[in-house]
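Next up: just one chain, as structure tokens, the form predicted on its own.
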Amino acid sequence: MAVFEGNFHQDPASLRFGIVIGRFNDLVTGKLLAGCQDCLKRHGVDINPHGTQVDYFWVPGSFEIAMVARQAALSRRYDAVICLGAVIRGQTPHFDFVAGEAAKGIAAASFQTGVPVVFGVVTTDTMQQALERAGIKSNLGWSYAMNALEMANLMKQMRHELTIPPYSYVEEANPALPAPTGEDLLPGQKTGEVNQA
């Protein structure tokens, strides 16, 4: 048997990342992005938006992150997608809906595409707590980038050693999701068959 474990130094120049950032609460998300970029840069990734390794997607808020993250993952252009947002509790239940749907959507994007999609949406009770997590005490943007590096490397190992196809989920109701070719199928799976494992 074998042990599979992601690392942070194995050929970072070959990795590509998509970063989806919510503009709402940009005082927080801008700092998370800076921490994320700092981590990627220190690990040998070219963070230049005009370069070949990182693309940036700006969306209105945290609720919209999941859809864009899923589309980015479906493109097969990225080894990992990092989602950065901030949802701060207010006086209404709006917080619960946005935070919950953002978490579910981001998780679904990863499950449906087989691409690591990192949940980097800070959910706090106050702006002070959010700022503490975005640089005053520590910057979680750094941690989200580390998660992306580790998962990108782990998935590369698994695809190589276990012959996992690029993706194994087919959503028949969504024509935007490409149908699998023979190369994309799991062992024993037939074209047009949905893998719900």
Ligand code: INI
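All values reported here derive from a predicted model rather than from experimental measurement. Counting begins at 1, following the sequence as shown.
Keep in mind the form predicted together with this ligand is missing from the figure; the text below concerns it.
Taken together, the three residues 64, 88 and 98 all lie with some non-hydrogen atom within 4.5 angstroms of this ligand in the model of the complex.
Residue 94 belongs to the set of residues with a heavy atom inside 4.5 Å of this ligand in the model of the complex. Though the partner is left out of this view, residue 60 does reach within 4.5 Å of this ligand in the model of the complex, counting heavy atoms only. Residue heavy atoms within 4.5 Å of this ligand in the model of the complex occur in exactly one stretch of 23-31, 133-141, 46-54, 154-162, and that stretch is 23-31.
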